[in-house]
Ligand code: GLN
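Quick setup: one chain, the form predicted alone, written in structure tokens, and binding and motion questions come after.
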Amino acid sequence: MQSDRRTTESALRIVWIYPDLLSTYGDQGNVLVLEQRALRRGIPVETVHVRSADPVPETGDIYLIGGGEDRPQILGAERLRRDGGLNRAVARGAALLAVCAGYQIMGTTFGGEEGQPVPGLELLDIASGRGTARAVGELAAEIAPELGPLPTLTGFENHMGVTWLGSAVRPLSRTIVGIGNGDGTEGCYAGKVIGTYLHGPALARNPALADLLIGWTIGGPPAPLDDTWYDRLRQERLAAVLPAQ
């Protein structure tokens, strides 16, 4: 097995943000996938679940935030802005995966309960608002080649959001099936920050994305794993929505 830097240094520090507000559609599974993929490589893991009344620690390596309804999303954004810990952690070089409502929070503004603009954390150069129809169903997308030779993304979406990308971010992927941002793209990234509408959970459907986050933290691609179970899940879901090749 390839030796990773974290086997001899401190543990991989995973921070799960506001599970009491933003944890719909099984997004906590992203935490479990990261933990297991690190541990299977001999990388020790420390995971912190940060509830909305608690400060966000600034010393994490990978931060995760999930989806939620309108009111919890607004409360989460307000508390994260007031706390400032996540912004400081990202400025220090930590990685972040933000899903659905969590993705929208990372931008400059997002749509509130009545569609009114609510300020976000400005960690991504995006703005989100409410669309005219709900985006519901399976999603498949080709990931940006700049991130490496990663396989087709798979997941499901359930949101009313439309997200506009600014010049300081790149699309995470181009949609084959589904709505995503609403312009033919899905999600975005800048530096070590990734935002996406993918549920499933996203990292169970797309283990290569989990390994990308781990690789950013340990300083290079992690050792390969036997991904038979993940591959079976991916192929089942992709076969259900993509034409036979």
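From 1 onward, residues are counted along the sequence shown. Predicted model only: the values in this text are computed from it and were never measured.
There is another form of this protein, the form predicted together with glutamine (GLN), and it is not shown here; the text below is about that form.
**Q** Using a 4.5 Å heavy atom cut-off, which stretch among 117-125, 165-173, 85-93, 98-106 contacts glutamine (GLN) in the predicted bound form?
**A** Going through the listed ranges, the match is 98-106.
**Q** With the cut-off set at 4.5 Å between non-hydrogen atoms, does residue 154 touch glutamine (GLN) in the predicted bound form?
**A** Result no; residue 154 lies far from glutamine (GLN) in the predicted bound form.
**Q** Hey, in the predicted bound form, does residue 161 get a heavy atom within 4.5 angstroms of glutamine (GLN)?
**A** So residue 161 counts as contacting glutamine (GLN).
**Q** Please check if residue 35 has a heavy atom lying within 4.5 Å of any heavy atom of glutamine (GLN) in the predicted bound form.
**A** No, residue 35 sits far enough from glutamine (GLN) in the predicted bound form that none of its heavy atoms falls within 4.5 Å.
**Q** If we define contact as a non-hydrogen atom of the residue within 4.5 angstroms of the partner, is residue 60 a contact of glutamine (GLN) in the predicted bound form?
**A** The answer is no: residue 60 has no heavy atom within 4.5 Å of glutamine (GLN).
**Q** Check each of 46, 54, 70, 183 and return the one that places a heavy atom within 4.5 angstroms of glutamine (GLN) in the predicted bound form.
**A** Checking each option against glutamine (GLN) in the predicted bound form, the one that comes within 4.5 Å is 70.
**Q** Pull the contact list for 198-230: residues with a heavy atom within 4.5 Å of glutamine (GLN) in the predicted bound form, in sequence order.
**A** Contacting residue: only 199.
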